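There is one chain below, alone, in structure tokens, taken in the form predicted alone.
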Amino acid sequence: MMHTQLTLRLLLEQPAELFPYKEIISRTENATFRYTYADFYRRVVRLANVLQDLGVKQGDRVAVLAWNTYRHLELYFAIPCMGATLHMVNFRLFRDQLSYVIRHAGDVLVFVDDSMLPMLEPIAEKLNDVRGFVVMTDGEPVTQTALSPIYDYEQLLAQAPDQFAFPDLSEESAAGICYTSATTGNPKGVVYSHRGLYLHSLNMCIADTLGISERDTVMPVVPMFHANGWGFPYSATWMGATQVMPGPHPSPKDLAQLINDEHVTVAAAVPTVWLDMERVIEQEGGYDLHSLRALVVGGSAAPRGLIQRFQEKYGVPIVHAYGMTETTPLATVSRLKSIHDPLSNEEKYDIRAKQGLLASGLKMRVVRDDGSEVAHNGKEMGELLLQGPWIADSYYNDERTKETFIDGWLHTGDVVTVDEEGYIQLMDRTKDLVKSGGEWISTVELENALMAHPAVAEAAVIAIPHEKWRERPLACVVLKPEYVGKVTKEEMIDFLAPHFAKWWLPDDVLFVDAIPRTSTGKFFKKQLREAYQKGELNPIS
């Protein structure tokens, strides 16, 4: 067999040759920008020349702070294909964390959307290793900023040559680095190799995972700083799929309109995004979602009720997936097996609400605290351990590696069950489980059940101290506007009662205005717990 290096260069060159006419569509502040894969390839070539002219060498790290746009996609390929490492910067980090990740990664150059300059300007003096800032704008070049030296993205590309000799890289060389969102402590860096990204992209195109193909129109709503945009920028480009980039500050209405106008077939985001879009569709109507073959959900568990409503109201399948920064991120996908065809719709929803089957090529263990493996009976809970060719084996220059990567296994910190058919169900993060009287209670299961109530917009369950039982669950519920003041906590608990043992039921239900979210859109339970402890969790009447 030929010893071919598995690098991102093939993912760049193949669509330019086979699908030069296919479109990449990018929403901007005031318009829609469209161009083809042939245009895309020419600009990536020019961008590689720009990087080289600015002194970027193989092995250097280059930071990007940008919305999901066509320019961000160009950087996704130009930086790693010329031999440098793409640093996908989470622009929603706190200021100190933002300066930390840029300094810790050792970034030599920063590409930044003009709207994000105010995030960098206050920390400019701390970014001593950065040799320049390239500003991306749809308007006139930026001239007034505290950052120096600055360059204009489009001016640089206009002056760059149309030819570039992409180097033959080792598949083990670093292509990207992404930092965890860090709800506690400093973010941790995960380095992705060309080989890992290549194999991960290939796996996303398998029929029984997400089946990305040339026929698709793919819209990654998940930010491109979040674990490689869940792999969609690479897999969709490789297959020559039409791509729809939602651009800056996309609202739920913007997303519904893009799906309607561009006939999107696959879109991906955390559950809260689709919950918000569902409310817009219910209130306004007039959006056609029938082009969708999959709304991919990850980042946190999707409520079963959300899956059922989208299927029955709009004919749109929600496909549950699971992963994390350390897994590139795809680890599981919930697809029904042929053996499930005779089941009732209710039984199928139960399966689709699980995180699903392990992606082909990965290995797993589910273990108790003592390291023994749990039975695959859908009941026994344990921590999920993962191993495979796109699973990280360490954090970048971080001593916390030894806490997470043990004996060749990634300890995810997620507590799951596995049923007889191999379907994984996320029960909770180890830090979010409620331990009541020595028994575990899953906050995720309670939340998903609460969000099936027609009056509930959002729900989060946290552990609160209890003198006798050590911890008890507290439910924080956001009601839909038309139900505020019309629903009681007793009604909420009665709604849960048929589905859970009595000792699982929350001791109290607080109706609140909003539930805080992390930078990636997940419910921020740590902040909820802290607010409760400080007496700052104020219920509404």
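One-based numbering along the sequence shown. Everything numeric in this text was worked out from a predicted model, so none of it was measured.
The same protein also exists as the form predicted in complex with a further copy of the same chain; that form is not shown, yet it is the one meant from here on.
Although the partner is absent here, I391 sits close enough that one of its heavy atoms falls within 4.5 Å of a further copy of the same chain in the predicted bound form. Taking non-hydrogen atoms only, L537 never approaches a further copy of the same chain to within 4.5 angstroms in the predicted bound form. With a 4.5 Å cutoff on heavy atoms, E439 does not count as touching a further copy of the same chain in the predicted bound form; it lies far away. In the predicted bound form, a further copy of the same chain stays beyond 4.5 Å of every heavy atom belonging to P122. Only one of E154, E471, D208, D129 lies close to a further copy of the same chain in the predicted bound form, with a heavy atom inside 4.5 Å, and it is D208. Checked against a further copy of the same chain in the predicted bound form, the residues E284, D96, D341, E312 give one hit for a heavy atom within 4.5 Å, which is D341. The chain is drawn here without a further copy of the same chain; in the predicted bound form, the stretch among 271 to 279, 248 to 256, 454 to 462, 164 to 172 whose residues come within 4.5 Å of it by any heavy atom is 164 to 172. For the partner-free chain shown, T328, R335, L336, K337, S338, I339, D341 of 308 to 345 come within 4.5 angstroms of a further copy of the same chain in the predicted bound form, judged by any non-hydrogen atom.
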